[in-house]
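One chain comes next, on its own, written out as structure tokens in the form predicted on its own.
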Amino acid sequence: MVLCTKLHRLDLRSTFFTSLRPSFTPNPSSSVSPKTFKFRPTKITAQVSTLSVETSVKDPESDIESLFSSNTEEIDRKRSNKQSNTGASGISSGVKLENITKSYKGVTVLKDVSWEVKKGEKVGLVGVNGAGKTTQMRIITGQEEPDSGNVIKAKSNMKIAFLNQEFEVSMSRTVREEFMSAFKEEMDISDRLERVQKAIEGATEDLELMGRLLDEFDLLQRRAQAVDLDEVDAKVSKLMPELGFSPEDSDRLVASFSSGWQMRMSLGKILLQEPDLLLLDEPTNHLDLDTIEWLEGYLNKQDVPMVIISHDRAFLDQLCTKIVETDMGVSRTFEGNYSQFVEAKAAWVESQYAAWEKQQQEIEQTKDLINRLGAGANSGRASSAEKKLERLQEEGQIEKPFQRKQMKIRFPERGRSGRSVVTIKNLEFGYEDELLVNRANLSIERGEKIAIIGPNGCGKSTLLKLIMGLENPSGGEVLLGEHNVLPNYFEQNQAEALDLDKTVLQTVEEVAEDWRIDDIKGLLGRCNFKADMLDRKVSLLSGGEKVILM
């Protein structure tokens, strides 16, 4: 659906939005890349869920015994090496789900989920909010256990990396340090080698301690060779330009980059671990258009098996080789990208419905035959017909394809507004000494739908807050239309304000004090909250369901 029927292209990179200007004066002969700009207005939070990304920090003055490898550590390492040679039967790469079921507090989320992803494939997991897409990812990573069914992995010690919409990075590290943190074991060995070497230099008068330290140093050197410690720096140096970072970026702090560039760091740390499977949960949320386009291109070049959850249809079209839809707890696999899936799904529904109708006609005809042959000399034929009916109803029953109703939202009638809705005149706004909005002018009229675009951190949300009066401009003015204009604002993270202990019905009742209970239930029904969901706690809803509830 085309949202912007009459589109004003308000580009925040134009002359009146100047927050992207660097805080230094560049050499006139040098070009300035967007990644070098300093962002102040956007507070960036992050999380990366990869396996083993945090670098352990040791106290250099800790007890001397902490320098020596424990027996348990050696046993775990040997067990890990042994496991790396054993694989799971049935698949050569990736992962396979077989007949997975999962329920939460009596509510069945998954009841028959089977699909697989192999090397070179990029699988898009799609389905309505609450269908169990993220649950399947958590089952793959081992964060949750299925009630029944099997998760078959190509090898038992498979490296599974999970990139979600929150990127965890350390703001105090440099870019190179952030990438190096992906090598937890390697960095730990390097740190211990350095500390053992210093301890050897200070143990010249204790021959017994000297001997133990030399043995430990020899052990660590062998471990360093086994994990290719010498290759770590080379791998980071090779990957950085592939992700768009220049050599000069190595010593810059992570905090000086926008969230889009921090996403590249998070993705880079994952790829440095050389995962056997990459899971991406809404990776494009909060990214600007340029960064999304870069991410599409970069992921397309990777042949590691990928599973992607996204509501961005264009993103799924560009990347996916296969779509797995989960509906009513059951999964179905369709070859191709999202657009091809939509066509194939429509054809499947049409074919399934025709087969269901044909079977229903056959059942009715068989029932009619039984009624006509139920007595006398035809009882034998009637008995055969009854067996046929039983077989149709129990063994070969074709399910009627479920046609999900479209969500319908009707806003309360408030009457027609005046022609002028919002007028912005010479608007100025900034943080401290940095000007973010510089003499902005904009007119919004009744019926218009306007897209505000621009790089991450350039002030798009700030502009909306200025219109709503949540921020005060340092200059200029925002004028709302005088006739029948009621502004409202849905924030990016507004769903986080929900009370998780309340039920779905209680949440809406709280803000709809003058509504009849039947009207509230009707509203929730139009938003696809079925009757059995009204008493469900908000904490049990999916992220998308929380947004709809909000």
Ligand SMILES: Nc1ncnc2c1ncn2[C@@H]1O[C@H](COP(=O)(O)OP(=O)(O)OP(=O)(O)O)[C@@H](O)[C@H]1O
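Here the structure is a predicted model, which is why all the values come from computation and not from measurement. Sequential numbering from 1, following the sequence displayed.
The form predicted together with the named molecule exists for this protein as well; it is not shown, and the discussion that follows is about that form.
Engineer: Report whether the minimum heavy atom distance between E445 and the named molecule in the model of the complex is within 4.5 Å.
Structural biologist: No - in the model of the complex, heavy atoms of E445 and the named molecule never come within 4.5 Å of each other.
Engineer: Is T134 close enough to the named molecule in the model of the complex to count, meaning some heavy atom within 4.5 Å?
Structural biologist: Yes, T134 lies within 4.5 Å of the named molecule in the model of the complex.
Engineer: Can any non-hydrogen atom of E185 be found within 4.5 angstroms of the named molecule in the model of the complex?
Structural biologist: Result no; E185 lies far from the named molecule in the model of the complex.
Engineer: L534: heavy atom within 4.5 Å of the named molecule in the model of the complex?
Structural biologist: Judged by the heavy-atom cut-off of 4.5 Å, L534 is well away from the named molecule in the model of the complex.
Engineer: Can you pick the one in E216, D317, E428, E282 that has a heavy atom within 4.5 Å of the named molecule in the model of the complex?
Structural biologist: When the named molecule is considered in the model of the complex, the option within 4.5 Å is E282.
Engineer: Under a 4.5 angstroms heavy atom criterion, identify the one residue in L193, V342, L239, V128 near the named molecule in the model of the complex.
Structural biologist: That would be V128.
Engineer: Quick one: find which of 101-109, 353-361, 473-481, 267-275 has residues within 4.5 Å of the named molecule in the model of the complex by heavy atom distance.
Structural biologist: After filtering at 4.5 Å, what remains is 101-109.
Engineer: Suppose contact means any heavy atom within 4.5 Å; which members of 309-348 contact the named molecule in the model of the complex?
Structural biologist: Residue within 4.5 Å: H311 only.
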